[in-house]
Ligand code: HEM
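The form predicted on its own is given below as one chain in structure tokens.
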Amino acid sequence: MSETSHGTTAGTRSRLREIPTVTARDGIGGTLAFKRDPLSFLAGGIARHGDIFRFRPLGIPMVLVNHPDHVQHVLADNSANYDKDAFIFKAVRPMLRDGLIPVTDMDRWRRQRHMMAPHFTPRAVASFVHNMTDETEQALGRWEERARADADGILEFTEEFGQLALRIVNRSLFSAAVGDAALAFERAFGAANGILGDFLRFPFPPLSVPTPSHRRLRRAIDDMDAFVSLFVDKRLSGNEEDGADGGADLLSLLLHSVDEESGTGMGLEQLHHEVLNLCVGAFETTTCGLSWTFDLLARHPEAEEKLHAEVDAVLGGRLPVFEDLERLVHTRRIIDEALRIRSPAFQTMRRAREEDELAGFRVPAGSNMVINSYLLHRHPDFWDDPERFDPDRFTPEEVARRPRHAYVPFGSGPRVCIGKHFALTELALVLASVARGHRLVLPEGAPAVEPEARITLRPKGGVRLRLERRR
């Protein structure tokens, strides 16, 4: 039971405590410290003030909440008071516009969500499983060829996983082989991610100011728009891409979606925004998720051996299908633990529309509520030895012992990530497909891969591994 109530009244306001504020005397630093290393800055604030504190980078009112009860209050119990008109979504809106990820208008969001949600249920995702396994098989062939051509056989797998993720999402969206266009999209998003990530750390000057980096951002967004328009325009004109799969793809489903209340479909501009949101969301989070999962697995041979035993027993050498997922128990636990330690979507925000009470503190209206799962997933009250990689944290018994909102890699509440089932299915199937015949091995003497806090939590410098066939 959360120790919070919804909203404040004049009678209760006087007894509420003020949220502790990071000051220069704390030794944590201010805006520049936040810019240099946001994760260390926030961890320092928790060490000094506990699970809730305020800070103001360049005068922007931020409140970090780092307790499952606080997260439940903001994302679920009182979600109506906490919208997405928050700083992080304002920063990405030039790229994602009015798509489902950043949209703030609740009526617009509700209409779009209701139209799109039926296409992202577990049953609906099952129709895209072949795309995931087939593209992984093709990727393994490319990786083997490149590994043979390289003297040490080591590949930079963050880039490889990015190409795989983009091929999967666009085959599911457009029934199309994206080819070299995927590389252009990946480069454009990489540029946008870097610029917007820097802006999130140090929001100056405003994005409307035409600095050289902001002009590069505009060009990157134009390139991503062109990528999406290529496929949408071909579908609308009736010119299908060569090599299209049979059956309905996500673009067809979205084109024929109808709002139950108004009886109208999705406008072309909105369709473009939603397709771009799906491309960006599925590409980037899956790229990071696969990179971190295989990096962690390569450093923990016991978990890898258990994975191989399970994959051999369940699959018997064949490619996985959707019905195998419920039997790939350890596979799923590996993914859950990787998402705990290195959540790609490691940070979200909500804006307090009105003043509120949270755990006895007064939350001022307009506060940007920061939920950082990198830190939440390390809370010592809920995670023993939190830096240790241990998939058995996700046995049913262990999960039942923890508050639900101690683990939120996809958010929670009404605005939980719509692509959650697609992402978890894709991660599990790629992992199992690779593990049935191959290993990704850590090169001797390889250093630890540091997390880089951008819009997502990326592996700094990429993940370098060697592809080997299993004996």
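We number the residues from 1 along the sequence you see. Nothing here was measured: the structure is a model prediction, and the numbers come from that model.
The protein also exists as the form predicted in complex with this ligand; that form is not presented, and the subsequent description refers to it.
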- Is Phe422 close enough to this ligand in the predicted bound form to count, meaning some heavy atom within 4.5 Å? yes
- Would Ala43 show up as a contact with this ligand in the predicted bound form if we use heavy atoms at 4.5 Å? no
- Message: My question is simply whether His73 lines the interface with this ligand in the predicted bound form - judged by any non-hydrogen atom within 4.5 Å.
- Response: no
- Answer with yes or no whether Phe410 is in contact with this ligand in the predicted bound form, where contact means some heavy atom within 4.5 Å. yes
- Note on the structure: The listed residue (Arg167, Lys84, His377, His272) that reaches within 4.5 Å of this ligand in the predicted bound form by any heavy atom is Lys84
- Checked Val228, Ala182, Ile341, Ala282 for heavy atoms within 4.5 Å of this ligand in the predicted bound form; positive is Ala282
- Item | Among 362-370, 385-393, 342-350, 310-318, the region lying within 4.5 Å of this ligand in the predicted bound form by heavy atom distance | 342-350
- Query: Would Leu100, Phe120 and Leu278 all count as contacting this ligand in the predicted bound form, using a 4.5 Å heavy atom cut-off?
  - Reply: yes
- Heavy atom within 4.5 Å of this ligand in the predicted bound form: which residues of 315-329 qualify? none
